[in-house]
Structure formats: structure tokens, C-alpha cells
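A single chain, nothing else alongside it, follows as C-alpha cells in the form predicted alone.
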Amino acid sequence: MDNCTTANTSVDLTKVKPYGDTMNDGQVEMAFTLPVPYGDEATEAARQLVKKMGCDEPSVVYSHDMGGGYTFFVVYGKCQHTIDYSNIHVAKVESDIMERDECGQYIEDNIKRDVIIVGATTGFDAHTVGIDAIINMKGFHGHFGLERFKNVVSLNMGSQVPNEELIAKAKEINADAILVSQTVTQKDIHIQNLTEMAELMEAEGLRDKMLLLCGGPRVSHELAQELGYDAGFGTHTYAEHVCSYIITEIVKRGRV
């Protein structure tokens, strides 16, 4: 369903701005740290900065001395900018989302063999919460992981797995899809690592043989495709989203 059809009909969707106490008041709250010592001058610096951001009536409602010449602020202001919401188009994974049991039945009816999926958190990233949520049996937030899906064989290789090792395991078990999870994003390290993974897959001649997916809090479908992946899954996506995409793509691409 188009998001515009579920929006507040009293709002001009071509001129959307933040809402605080009253419609179109533009009220926003910002939190940030400045590398200046705590005091009146620091407060005024924060107020002027928010003013330059395009917010009227900036008000510093909270400040805290972080030590070492740093000060944290919470500032209110009234944003004057608007967004044409009706003209926004976001790249999304295009597949019908099936429930866990429906995925198993779809595989049985259309693929007629187990679907093999291997995943890992790669590079120096030690976080496993993302890949665990998608693969491990208990899943996350009431959504079971791929280990509970009928006709799915999944392998979670854990964290800090070199890209080469993940690819080698995928080849060994003849995987249908590879899942790459990335949580650490400082200095765009996730983009470097994801790019390396896609390039290695190309060099191995595997891009046309296996689906390559990535996920994480800073991952979008648009970014994933730009980096050479088939699909990207960000926040608020679960195992059924990933599995639905994989199994329908397997059928669509004739890899049954």
C-alpha cells in the first residue's frame, strides 16, 4: 500500500514539516556535543549553531559538562523547511512477505529441495546480534530465525569472519545465498568490507550462482545494490523477510 494513502488527510503532503504542539509548528529537538568548555559561551554557541541550521527561536534546554573541554546540549527550535512527502520514492526489496510456515510450504511446492543459507558478521566486526536475529532458532522480537524454517538449512558462522572464509564455506556447502551482517560503521568501515566481499564473489565467479545479501542498522536496499549485492535489509526486518526474498528469487532465476 502506498504510504501516502495512510497519512493524515488534513496535512498537505507536499509541504510536510515537524509537528510538536500544533500542526506545522516545526518544533524539533536536537542533541549534540560541541568541543568547547561548559559555560555561558558554550550555550550561546549551541544556540547560534541551531539558528544557522535554519531553526527559529532556538532554546538550549539542557547542557552538561562532559569534561576535557566538551559540552553536551539538548536544544529546541522551530524548523522552517518543508519536504514534499508525496514525491518520495525509496528503493525497497520487492517480494511478498510470507510467514515461516508459508516459506516452508513454498519451498516444498516450488523448489523441492532444501534451501541452503550461510551467514556471518565479517571483517573485524564482533557484533552478532544481527546475524543471530536472522539465523538462530530463537530469532528476535517474537520472530523465529531461519533455523526454525522447514526445508531451510542455515549456518551461522558467527563474528569476525574473513570474507574469504565465508565464501569458501558457501562453496563447500553449495549455498543458495550468503548473508553478510555489518554493525560497526565508523568511518564507513562497513562499506569497505561489503565492497571487498562483492568483489571477491565476482573474482570467484560466484555472483551468478549465489544470492548475495547484506544487512545491518546502516544498510539499505539502495546501498546494497550500489555495492553489488542482490538485496539489503535494515532495521525492522526479520527472518521471514530474508527467506521470502531468497526463495522467490531462486524460483524467479530458475535455480530450483
Partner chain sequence: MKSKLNLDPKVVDSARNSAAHIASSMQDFIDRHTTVSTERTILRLLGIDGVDDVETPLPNVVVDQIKEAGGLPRGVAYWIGNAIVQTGLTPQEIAEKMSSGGLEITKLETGSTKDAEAAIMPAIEESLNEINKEKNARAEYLERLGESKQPYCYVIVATGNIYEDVIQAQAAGRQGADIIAVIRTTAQSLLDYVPYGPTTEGFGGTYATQENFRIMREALDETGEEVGRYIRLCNYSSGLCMAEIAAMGALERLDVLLNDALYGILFRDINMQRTLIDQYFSRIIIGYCDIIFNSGEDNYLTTDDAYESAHTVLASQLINEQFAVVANIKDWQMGLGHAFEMEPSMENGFLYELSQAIMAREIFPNASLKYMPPTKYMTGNIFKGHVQDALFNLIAVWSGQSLQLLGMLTEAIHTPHMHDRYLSIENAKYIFNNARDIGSEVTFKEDGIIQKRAQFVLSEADKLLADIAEEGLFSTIEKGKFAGIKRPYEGGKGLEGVCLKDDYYFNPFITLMLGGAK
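Residue numbers count along the first chain shown, from 1. Everything numeric here is computed off the predicted structure, so don't read it as measured data.
Below: the form predicted together with the partner chain, not depicted.
In the model of the complex, no heavy atom of residue 150 sits within 4.5 Å of the partner chain. Mapping the unseen interface onto this chain, residue 60 falls outside it, with no heavy atom inside 4.5 Å of the partner chain in the model of the complex. Interface membership of residue 70, defined by any non-hydrogen atom within 4.5 Å of the partner chain in the model of the complex, is confirmed.
Although the partner is absent here, residue 189 lies within 4.5 Å of the partner chain in the model of the complex, judged by heavy atoms.
Three-residue candidate spot 126, 138 and 218; every residue lies within 4.5 angstroms of the partner chain in the model of the complex by at least one non-hydrogen atom. The contact with the partner chain in the model of the complex, taken as any heavy atom within 4.5 Å, belongs to 160 out of 86, 105, 95, 160. Between the options 91, 184, 111, 79, the residue in contact with the partner chain in the model of the complex by a heavy atom within 4.5 angstroms is 184. Partner contacts here mean any heavy atom within 4.5 Å of the partner chain in the model of the complex, and among 40 to 48, 25 to 33, 193 to 201, 220 to 228 they occur only in 25 to 33.
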